[in-house]
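The chain that follows stands alone, in the form predicted on its own, written as structure tokens.
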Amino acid sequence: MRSFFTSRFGTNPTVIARAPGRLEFIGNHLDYNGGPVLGAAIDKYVTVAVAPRSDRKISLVSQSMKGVVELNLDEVAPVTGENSWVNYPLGMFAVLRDAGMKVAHGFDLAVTNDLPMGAGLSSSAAIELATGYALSTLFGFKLDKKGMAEAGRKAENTFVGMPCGILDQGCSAFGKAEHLVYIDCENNAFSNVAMPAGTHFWVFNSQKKHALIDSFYSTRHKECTEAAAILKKRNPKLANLACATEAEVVAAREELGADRLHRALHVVRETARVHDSVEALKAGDTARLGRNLTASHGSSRDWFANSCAELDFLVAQVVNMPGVYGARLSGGGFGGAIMALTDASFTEASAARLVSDYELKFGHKPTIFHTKTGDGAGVVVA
């Protein structure tokens, strides 16, 4: 990062911060429905470095993108086109400034990463959190982990325009090695749950990129919001969709219609799977945990309709391989990656067999990486 920053700006960075990508362990699309989710910060990071300028310009560069994007400090607005990646750091800057961060001068900002983009690992939240820690340190602004996660979500909702919940930013902020992050999204309460010893994450990126803003994500969000409104008319005490029972959903099937019924059934059943998975984790029952993961994928495929042929193939193949407890799509869906939970007997050779089968069917190879849990976002150099 130091070398890249200096090569682009001619000065050394003042602050360097980093934030991990995340795996959605289980709880697909529950965050904005007020449900519980389990996620993991991984040991792959986005790193952001900043240095002050003497003028009122913001200059942004990324190791994975060409050119420099420059804006006036007093005219920060969303960018369209090929430079729209800057909306994640700019959005975080705008939210922090609105929250009271005093900004007297512009800054240079650079991004590097070892986190695959567009693979369902939430590179966007990692950029937001790393930017948040870098800028808040540069400008002397204090936010705790929860505040930083909420700021990242607000940046994505209001500046980027993606109606996500708190899962991605929450996992990036509260990550802890050898643990999962449990989030009660109704109350934005965060805690950690220990992973069973000897378990491993294998991630298979289908190479079918998902652009959530341009996909069906917003449609699913709207369907869930409408389903919740219909159910609340029948039960005014219902706090959110994830609090509904399956019986309540089925009883409203005519009012819901097919699509909203299917989305609601996924949400209530996935909520039950998350609660059961927490109990399985506490009991060290990896077989039960694996069954929940695979059932979650089936629900995403059949009821929430946010999978695709590539992800379905990867899950169907890998769950029948030795050493695999279970597997599911991880992230918003509509492309991206699957996650398999395995024991130590699943190796590079095992993964290579799956890659070969996938290539025969789809004509290109998925990328693979073996990852583990990592610590959450923070400042590296100040």
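These figures come from a predicted structure and were not determined experimentally. So that there is no doubt, residue numbering starts at 1 and follows the sequence shown.
Although it is not shown, the form predicted in complex with ligand GLA is what the next lines describe.
Q: With ligand GLA left out of view, choose which of Tyr32, Tyr45, Phe346, Tyr325 has a non-hydrogen atom within 4.5 angstroms of it in the predicted bound form.
A: Contact check passes for Tyr32.
Q: Tell me, out of Cys164, Ala94, Cys224, Leu265, which residue has a non-hydrogen atom within 4.5 angstroms of ligand GLA in the predicted bound form.
A: Comparing distances to ligand GLA in the predicted bound form, the residue within 4.5 Å is Cys164.
Q: Under a 4.5 Å heavy atom criterion, is Tyr217 part of the interface with ligand GLA in the predicted bound form?
A: So Tyr217 counts as contacting ligand GLA.
Q: Counting only non-hydrogen atoms and a 4.5 angstroms cut-off, does Thr342 reach ligand GLA in the predicted bound form?
A: Residue-level check for Thr342: no, no contact with ligand GLA.
Q: With the partner left out here, check for me: in the predicted bound form, does some heavy atom of Gly335 sit within 4.5 Å of ligand GLA?
A: Output for Gly335 is no: heavy atoms all beyond 4.5 Å of ligand GLA.
Q: Does at least one non-hydrogen atom of Gly27 fall within 4.5 angstroms of ligand GLA in the predicted bound form?
A: Result yes; Gly27 sits at the interface with ligand GLA in the predicted bound form.
Q: Counting only non-hydrogen atoms, choose the one of 164-172, 134-142, 234-242, 103-111 that falls within 4.5 Å of ligand GLA in the predicted bound form.
A: Within 4.5 Å of the partner lies stretch 164-172.
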